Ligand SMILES: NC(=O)c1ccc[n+]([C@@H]2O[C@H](COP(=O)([O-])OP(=O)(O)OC[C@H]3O[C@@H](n4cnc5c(N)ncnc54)[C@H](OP(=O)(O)O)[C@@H]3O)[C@@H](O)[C@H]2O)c1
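A lone chain, given as structure tokens: the form predicted alone.
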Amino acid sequence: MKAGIIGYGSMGKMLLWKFSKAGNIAKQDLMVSNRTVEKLKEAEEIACIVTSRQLAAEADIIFVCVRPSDIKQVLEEIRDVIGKDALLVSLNGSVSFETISKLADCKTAKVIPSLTAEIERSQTLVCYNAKVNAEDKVSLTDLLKCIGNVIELPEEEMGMGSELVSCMPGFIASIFDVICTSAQGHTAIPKEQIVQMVLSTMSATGDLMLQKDMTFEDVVTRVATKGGITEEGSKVIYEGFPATADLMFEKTLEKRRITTENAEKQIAE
């Protein structure tokens, strides 16, 4: 199988190096192109540097890792050379299959990794248009496993799915940043030590839940003994945080809707 990546920004670069590290694709079968060719100098050791048209003509899986404002130009450039059995993969969740099909009517998938792909623990979202068959799905899933788990969702659920996996590292970091900052006002423990204690406990709690198949309620019950200190703190969170969580999703989903509308308008122009 030959795979190619168009666009060597943060996402394209990450995928290229992860695919190479996994060792499932030989250097001669891994291709990359970028508008600024000079940026690809470091990639020469692991991939073939080619033009976007050459990549699209030869690759079995074509990853398009560019901004919404650039995707129209890229697809118009390559659409007449994409192989009939090739799978086009957009890393931009803001552009619908319907819009992509007007630019390149072929087998298409959308993929949304998480920041945690950097440590091979991404919960990577994927959806497919109607042209994609079961074999295509297996090929893409096998390729993406090198960065973590792969979760298939319908296109209409990719927005909320993105909030839960792609945006979530930022949400989690924000929540625990607030907790650590608040803790500083109640202790003489240095900030760096507070952060390390909370991060290590947070990571271990997640691993514990996954390994022991525990729910959030299970953990609360285990730690928050009746009438105890943890129970008091948990009550505050359950009483006060739901409104914040609801507002967060309302704001982010509305922002996602506006971003999608703007991306579609840019392409339509």
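Start at 1 and count along the sequence shown; that's the residue number. None of these values were measured; they are calculated from a predicted model.
Heads up, the form predicted together with the named molecule isn't pictured, but that's what we're talking about next.
Check your understanding: Tell me, which of 167, 74, 86, 103 has a heavy atom within 4.5 angstroms of the named molecule in the predicted bound form?
Key -> It is 74.
Review point. Among 7, 35 and 112, does every residue place a heavy atom within 4.5 Å of the named molecule in the predicted bound form?
Key: Each of the three qualifies.
Exercise for review: Spot the stretch among 222 to 230, 198 to 206, 35 to 43, 235 to 243 with residues whose non-hydrogen atoms come within 4.5 Å of the named molecule in the predicted bound form.
Suggested key: Of the stretches listed, the one contacting the partner is 35 to 43.
Exercise for review: Indicate whether the named molecule has at least one heavy atom within 4.5 Å of a heavy atom of residue 25 in the predicted bound form.
Suggested key: No, residue 25 is distant from the partner.
Review point. Does residue 67 reach the named molecule in the predicted bound form if we count a contact as any heavy atom within 4.5 Å?
Key: Within the cut-off, so yes.
Check your understanding: residue 108: heavy atom within 4.5 Å of the named molecule in the predicted bound form?
Key -> Heavy-atom contact with the named molecule at 4.5 Å: absent for residue 108.
**Study point:** Distance check, residue 124 to the named molecule in the predicted bound form, heavy atom within 4.5 Å
**Key:** It does not: once the named molecule is placed as it appears in the predicted bound form, residue 124 has no heavy atom within 4.5 Å of it.
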